[in-house]
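To begin, one chain is listed below as structure tokens, in the form predicted on its own.
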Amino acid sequence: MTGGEAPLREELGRAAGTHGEVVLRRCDAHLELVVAGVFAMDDVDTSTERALATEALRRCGGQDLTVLVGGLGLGWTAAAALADPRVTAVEVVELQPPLVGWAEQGLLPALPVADPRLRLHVGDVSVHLAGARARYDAVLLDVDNGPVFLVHPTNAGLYEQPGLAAALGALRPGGVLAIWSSAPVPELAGRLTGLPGAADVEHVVLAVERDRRRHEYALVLARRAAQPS
């Protein structure tokens, strides 16, 4: 695209979803996702979405790892988890049925939907976590732009102590919880630090240069202790 030209947009999908309309479109060479009229994400730079998986799995020991991804997005986090040879199962829980359908149709090219280790589910990750005691080695949450910019207000509970406790409880002892945020959130790390069973809490700031501007994203990571304190 030369200077002054408008970006070329192609709509790939538009459908009613949970809490509003969901639109998937291509803007020049990149994908964009819009939910309820609000820009949710694109794939211009996917380094932090991939880091959500790689940083959590780097902290996981052992083999035959089972991973939960909360929020499908454009598929980059789940793809990064599948790229780890120790991972034998990746479950993705996504609230928006159209997005899961588009992934199954191959409209999210980053996601290897033919990989037999991958399972896509439509549902609320908060509900899923509440019924998943000690099931996962890693829980990766990217359902919003972090607790400071919610896609929908009902997601707020995921970042409060009961929601965080449920996420930790879904981990096997020694498993790792990782949460993505579009801005630094040290208060979220502090909230996790105060929870029984949380250990090795970290707040990792990731700087990305985009459109000649520096953006700071963050990961909050916590390990489930072998024995609750």
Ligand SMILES: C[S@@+](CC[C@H](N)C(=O)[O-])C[C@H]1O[C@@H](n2cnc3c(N)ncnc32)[C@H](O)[C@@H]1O
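Throughout, we count residues from 1 along the sequence that is shown. None of the values given here were measured: they were computed from a predicted structure.
Form predicted together with the ligand: not shown, discussed below.
Checking 41-49, 196-204, 164-172, 181-189 against the ligand in the predicted bound form, the stretch whose residues place heavy atoms within 4.5 Å of it is 41-49. Only one of Val90, Ala138, Leu99, Leu129 lies close to the ligand in the predicted bound form, with a heavy atom inside 4.5 Å, and it is Leu99.
Using a 4.5 angstroms limit between non-hydrogen atoms, Leu57 is distant from the ligand in the predicted bound form. The ligand in the predicted bound form comes within 4.5 Å of a heavy atom belonging to His152. Proximity of Gly123 to the ligand in the predicted bound form falls within the 4.5 Å heavy atom cutoff. Looking at Leu31, you'd find every heavy atom of it more than 4.5 angstroms from the ligand in the predicted bound form.
Contact annotation for 65-88: residues with any non-hydrogen atom within 4.5 angstroms of the ligand in the predicted bound form are Gly71, Leu72, Gly73, Leu74, Gly75, Trp76, Thr77, listed in sequence order.
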